[in-house]
Structure formats: C-alpha cells, structure tokens
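Here we start with a single chain on its own, the form predicted on its own, put down as structure tokens.
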C-alpha cells in the first residue's frame, strides 16, 4: 500500500508581501493549575489566547502546535513559568514573537467576620505576556469586588448613606513573585468594606456598620490602593481601575491611576 504524502500548505510561499503581527488561536477553554497560597495549588478553567507573528513569505502557521504547548504546561501556569511558555510557543512555531493571554476564575475560601461561616469568593484573574526578540513582558491583573459608602451622602443625610458594590482591578508588573491573595488584600483594604459570599445577620450588621465608619469616594479607593502598590519595591509598574456601580445614580463612578515606577525613578 503506498505511503500517504502530506503537503504542508501552511509552509508554502505567499506572494502578497504582507507580514502578520499576530496569528493563532483564541478562546481555548482549558483546565489549568495555578499557585494557591493556602493550599499550594488550585485547579481552575482558563480561557486562553495564543499568537505568534508570521513573516510575509509564509502562507500560514501551524495551529495545532499552540495546543501542544498548552498541553505541556497545563500542570502549572504561573508567573514563575510564563516566560518559559512564551519561549516554547515561539520556538515550536519558528516565530520571532509570541503572545499568551490566560484569563481564569480564582477562588478563595473566605470567612464571615462574626459568624465565621465560610464560603467561596470568586476573583477574575488575567495573565498576559509577550516575547519579541530579546524583549520580554509579563503583566498580571486581578479584579476584586468591594463595597463603598459615599462620604457626601453620609455628610448630608440625617439617616444612613447610600452604598454600592464596586470593583477594583489591579494590573501590575513585578520583579519577583507575588501571591494573588496579596493583591486581593490590597484592593479590599482601600474600600469601605469587603464583599463576602455568605453572611449571617450578625455579619451583615458588622459589614454595614464598618462601611458606614469608613466612607470613601471612588477617588479615595484608587489612591488608597495606589499608595499600597507604590510601597512594594518589586512592583515596577501598576495600574488601578476602580468602578463603583452606583446604587442611586444611573451611571457608574470611575477612577484610574497608572504609574511606571522605573520610569519615574529614572526621571528624578
């Protein structure tokens, strides 16, 4: 029986002379393992995007190789090995640059403040990286739900003050490893109070009174968080996005701070 001859169409020449900046696969739902401060590791499901560049002379890239690389690293994907994964993508696809985006839910068992009832809280996390020649970049983002109470409402009201749930999204680059839990704690410390998945009556009393005692504008939250990140030497760049989903307005309140600490140090 004659052997089958496979034609590598993707490797054939392309005559249009147009290089492609990014080509690859998107929205791959994939089980992964990430580092967990309390338990060592945590199993979760990520949505992954993987790309490389394609020189103008080639017709296509080899899509299956992206999945092969992902298979090799599903046992652990973290800040510690992200650059290695990018190098592997680049080498396996004979590319000059590689890009990887991994977004996943991260769960922490959180204890209610008074009753001590435990429940799982979900936090959205995202790691994005790129390698292009000798240049490497890795950014981590963690989004944390919080509660805020309006200082103005408290100041002008005879009874109570309006409060609302908000979200603090912290993106950062770091010179060494930092736990996701540390970033969550920083985000929560800048708000009026934390958000919990399970609260009994005594917990609700505690949380609402704690928020009443710590009113913050969206501007206060973003500055509180930025101040904490500024104090961590190994964080070299950060951005903080805060959105309050206003309870008595038909809009959200928003604030952002972004700072490149290395650039700021060089300009001094």
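All figures in this text were calculated on a predicted structure; none of them were measured in a lab. Heads up, when I say rigid core I mean the largest set of C-alphas that superpose within 1.5 Å between the two forms. Positions refer to the first chain, counted from 1.
There is another form of this protein, the form predicted in complex with a further copy of the same chain, and it is not shown here; the text below is about that form.
Using a 4.5 Å heavy atom cutoff, none of 76, 116 and 187 lies near a further copy of the same chain in the predicted bound form. Contact between residue 171 and a further copy of the same chain in the predicted bound form is not found at the 4.5 Å heavy atom cutoff. When contacts are judged by a 4.5 Å heavy atom cut-off, residue 37 does not count as touching a further copy of the same chain in the predicted bound form. Taking non-hydrogen atoms only, residue 179 never approaches a further copy of the same chain to within 4.5 angstroms in the predicted bound form. In the predicted bound form, at least one heavy atom of residue 213 sits within 4.5 Å of a further copy of the same chain. The stretch that touches a further copy of the same chain in the predicted bound form, counting heavy atoms within 4.5 Å, is 139-147, out of 139-147, 125-133, 179-187, 83-91. Heavy atoms closer than or equal to 4.5 Å to a further copy of the same chain in the predicted bound form belong, across 176-197, to the residues 195, 196, 197, ordered by sequence position. In a rigid-core overlay of the protein, residue 58 has its C-alpha displaced by at least 2 Å between this form and the one not shown.
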